[in-house]
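Only one chain is included here, represented as C-alpha cells and corresponding to the form predicted on its own.
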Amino acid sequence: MIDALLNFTGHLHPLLVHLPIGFLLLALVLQWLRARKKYAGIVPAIRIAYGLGSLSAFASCISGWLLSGSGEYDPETLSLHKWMGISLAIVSAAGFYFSKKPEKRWRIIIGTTVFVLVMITGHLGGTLTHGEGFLIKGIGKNNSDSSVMRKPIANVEEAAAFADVIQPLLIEKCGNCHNAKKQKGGLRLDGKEWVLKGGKDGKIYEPGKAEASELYKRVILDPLEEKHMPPKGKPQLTEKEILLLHWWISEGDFEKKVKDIPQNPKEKEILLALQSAAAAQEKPMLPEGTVSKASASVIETLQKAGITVVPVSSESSFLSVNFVSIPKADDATVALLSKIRPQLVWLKLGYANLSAASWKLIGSCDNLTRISIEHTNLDDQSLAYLLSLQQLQYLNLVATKITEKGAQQLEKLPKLQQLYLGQNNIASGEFAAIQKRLNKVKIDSGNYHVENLVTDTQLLKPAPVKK
C-alpha cells in the first residue's frame, strides 16, 4: 500500500512541476511592476506568488525524487536536474523572505537567480522526457535531428542488416524513450548490446522467432492497447517497417549483411526502396533547364483518374507521377501522361500491361530521369522505345520480360547510373556480360528467392500475418 502511494506521488511530478514555473514567473513580473509608483501596493501579491512558488517547488522536488527511482533516466542529467530544482526551491523561499524587505539589491539578485534556475531546470526536465536537443529541435538546421537521420544506403545488399537498416529504424521510432538519456522500462534500443540485454520485463529479442519477440509483438498490438509501442501519439512504424523488423528477427542476426539473409519479393522491394531513397537523397535527378508550369486543370484530370501527381521540389515545375493507387494501369490512363510530357521527370508505373503505343508515349517524355516499371509486360521490343531518354539515370526493370539482348541495349542511355534487374528472362550466367557492357552502371541483379512451379508461374511468399 505504501509503495503504491509513493509510486502515485512520484507520477504527480509532471503535474506539480508546472506550478512553481507559473507562480515564480508571476512573482518576477509583479516584482518588476513594483518599481513603478502606481503599483507600490502589490507587495503582498509578490509575497503570495513567491510563497506558492516555493511550496510547489518543494512538492515538485519530493515527487521528482520518488519518480527518479524508476531508473528510466540518464543519471548525469537527472542529478543535475534534481540539484537545480532543489536550488530553485531554496532561492524561491529566500524570495518570499526578502519580498517585504526594502533592500532592492537583494530582490534583484534573487529575482535574477530564480529566472536562471527556472530556465535551466526546465530545460533539463525537457531533455529527460523528450531527449537531447529538444529545445532547439525545431529551429533552423536543427529541425532534423542528426541522431535519427537514416544514412543513405548506396548498395543495400552490401549493407549490414542491423546496423544500417534496423537500428536507424529503432532509433527514429523508439529513440525518444529508449536511448542513452532515457530508458523507459529500463530499455535502450540504440545499440546491439542493449537490444540483447532487454529491459525490466526481460528479453525483447528471440533470434529467429519474431512472433515470440517482445520487440515485434509490441509494435503489432492494437494501437489502443496499453502495451502497444510506440505509444499513442508518437510516430508509428509503417507496415513496411514492421515487415522489415519481422524479416530481420526471423532470418537474420546482428552481424549478417542484407545479401546474406533470405528475402521474399516483398521484402526485397522494400529494401530496394531504401536504396532508391538514398539515391534520391544523394542526387535530385532533375534535368537541366526549366519548363513551364503544368496546367492546374490537367493535373486535376490526372488526379481524378487516380494518378498521384506531386512537384519534385518547390523550386521547379517538374513533376513526379505515381500509379500506386491504380491496381493495373491501362493504355487509356497512361495516355493522360501526354498532357504533362515536358514536366514529367519521375515515373512509377508498376504492374501494368501496356500496348506498344503506351511504351512509345513514355519514351517520348524526354525529361524523364527516373522510371520504375517493375512487374510489367515490357519486353525487348518495348524497351527500344525508352532508348531515346537521354536524361534517364534510374531504371527499375524487375519482373519484366526483357532478355540479355534487351539489357545490352541500355548502353545507349548515356546518363544511366542505376539499373534494377531480376525475375527477367535473363539467365544467371548472363549478368556478368551485361555488367561488362554497362560498366559505368550500378546493376542490382535481384537476388530474389522465388519458387518456380511446374506451370512456370511464380509463387510469391505471403507477408507475415499480424497477430
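Numbering starts at 1 and runs along the sequence shown. Note that the structure is a prediction, hence the values are computed from the model and not measured.
Here the subject shifts to the form predicted in complex with a small molecule, a form of this protein not shown in this document.
Q: Have a look at 158, 201, 193, 222 for me and say which one sits with a heavy atom within 4.5 Å of the small molecule in the model of the complex.
A: That would be 201.
Q: Considering 350, 363, 125, 230, which brings a non-hydrogen atom within 4.5 Å of the small molecule in the model of the complex?
A: Result of the distance check: 230.
Q: Partner absent here, but in the model of the complex, which of 85 to 93, 365 to 373, 179 to 187, 350 to 358 has residues with a heavy atom within 4.5 Å of the small molecule?
A: Contact criterion met by 179 to 187 only.
Q: Looking in the model of the complex, any heavy atom of residue 218 within 4.5 Å of the small molecule?
A: Looking in the model of the complex, residue contacts with the small molecule include residue 218, since a heavy atom lies within 4.5 Å.
Q: Since only the chain is shown here, I'm wondering whether residue 110 would be in contact with the small molecule in the model of the complex (any heavy atom pair within 4.5 Å).
A: Residue 110 lies outside the contact set for the small molecule.
Q: At 4.5 Å between heavy atoms, is residue 395 in contact with the small molecule in the model of the complex?
A: Contact with the small molecule, no.
Q: Against the small molecule in the model of the complex, would residue 234 count as a contact residue? Criterion: heavy atoms within 4.5 Å.
A: Residue 234 belongs to the contact set for the small molecule.
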